[in-house]
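So this first bit is one chain, no partners, the form predicted on its own, shown in structure tokens.
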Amino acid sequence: MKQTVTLVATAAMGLEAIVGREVKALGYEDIQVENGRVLFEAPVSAIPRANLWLRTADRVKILIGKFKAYSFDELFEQTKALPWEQFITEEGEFPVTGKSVKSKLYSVPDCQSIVKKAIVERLKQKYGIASFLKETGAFYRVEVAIHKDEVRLTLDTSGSGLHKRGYRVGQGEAPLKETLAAALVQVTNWQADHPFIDPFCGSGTIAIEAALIGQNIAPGFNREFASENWEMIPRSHWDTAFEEAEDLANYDQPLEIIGSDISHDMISIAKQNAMEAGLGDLVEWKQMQVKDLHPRKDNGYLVSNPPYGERMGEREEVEEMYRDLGSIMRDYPSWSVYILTSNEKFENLYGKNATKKRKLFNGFIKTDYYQYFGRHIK
């Protein structure tokens, strides 16, 4: 049984540094931040912990091997040389997915087929099987990713993407990924004893992620992972990880989090999602327009992903909402405001230049995260 592995926490563009900080917070120091991923050496017990705790990563994968390949023969032989039997059991089911960018081996279906054949040959040889592999056991998704002729072979330990927390029973037209919502909160220095508002809450994702962070609830606590059935990870590692998550959750932490939206339907969905997340009435939900926003306390945080106004007919209405928000928040100088939008005129409409901006992608939409620090921020 392997004792240590190289793990790859994949990340949306712009979130790599945040994922890296989360990995370090779990106690894994040997990290390498690259475009779209964070690599780190860790014991096998890190697989359950990383899947349970990483709020902003997309997936956790095991790096099986990395090499250059310019021909299908090289791809086959170098794939076959890797110790697949240390990961995949004799009965394991292992489909191969793939992608190739700027490489001589550009046919993804061919690359997938060759990697599959190479793994089959390796496992048959190691397990002493003369005919074919049954593939009726645990599920192992292999990925072959080729970039500029460098091949990376990984096993996906997560299954469904980590943004699927298991609480979303409903959503709006353009839901914000849970991982990005968590990142928007983590970029701020919000603490659970400060008020928190999302005045364009939609289905409630940002407010729910803030509540999970505020009470230190592991984001993966209510879901399952593909690697829970893997022989290479003792069941005791999963039990220990879930027990740790339960022990570290601070369910008694009081929170003042408000999510509001102009849509009654969205507020109803947000309430259902919060209940599914196990938050009960921890978040206060309100149906109201942004111009009716009046924070009750000082030193709060407003974090939101408002409509962008990209559709014809919406632009003027959205721009008016931005003006209303800027006008209201000028009366609350101790509040910090964080807005994600693709609208390049946001600062002019809001009436103030941001203290700081961060480029992020909401799906395939290029956005800026406008950050206005309140007077209590030093």
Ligand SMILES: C[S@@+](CC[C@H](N)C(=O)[O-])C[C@H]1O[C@@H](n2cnc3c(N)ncnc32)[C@H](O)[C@@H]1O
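Residues carry their position along the shown sequence, with the first being 1. Keep in mind the model is a prediction, meaning the values are calculated, not measured.
Quick note: we don't show the form predicted in complex with the ligand, though the next part is all about it.
Look at 202 to 210, 245 to 253, 76 to 84, 142 to 150: in the model of the complex, residues with non-hydrogen atoms within 4.5 angstroms of the ligand sit in 202 to 210.
For the marked spot (G98, S113 and L155), a heavy atom within 4.5 Å of the ligand in the model of the complex is absent from each of the three residues.
The shortest heavy atom separation between I129 and the ligand in the model of the complex exceeds 4.5 Å. Proximity of P175 to the ligand in the model of the complex: non-hydrogen atoms within 4.5 Å are present. Of the heavy atoms in S227, none are within 4.5 Å of the ligand in the model of the complex. Under a 4.5 angstroms non-hydrogen atom cutoff, the ligand in the model of the complex has M266 among its neighbouring residues.
Scanning A138, V187, I262, M275 against the ligand in the model of the complex with a 4.5 Å heavy atom cut-off leaves one residue, I262. The contact with the ligand in the model of the complex, taken as any heavy atom within 4.5 Å, belongs to M321 out of L63, M321, V44, L26.
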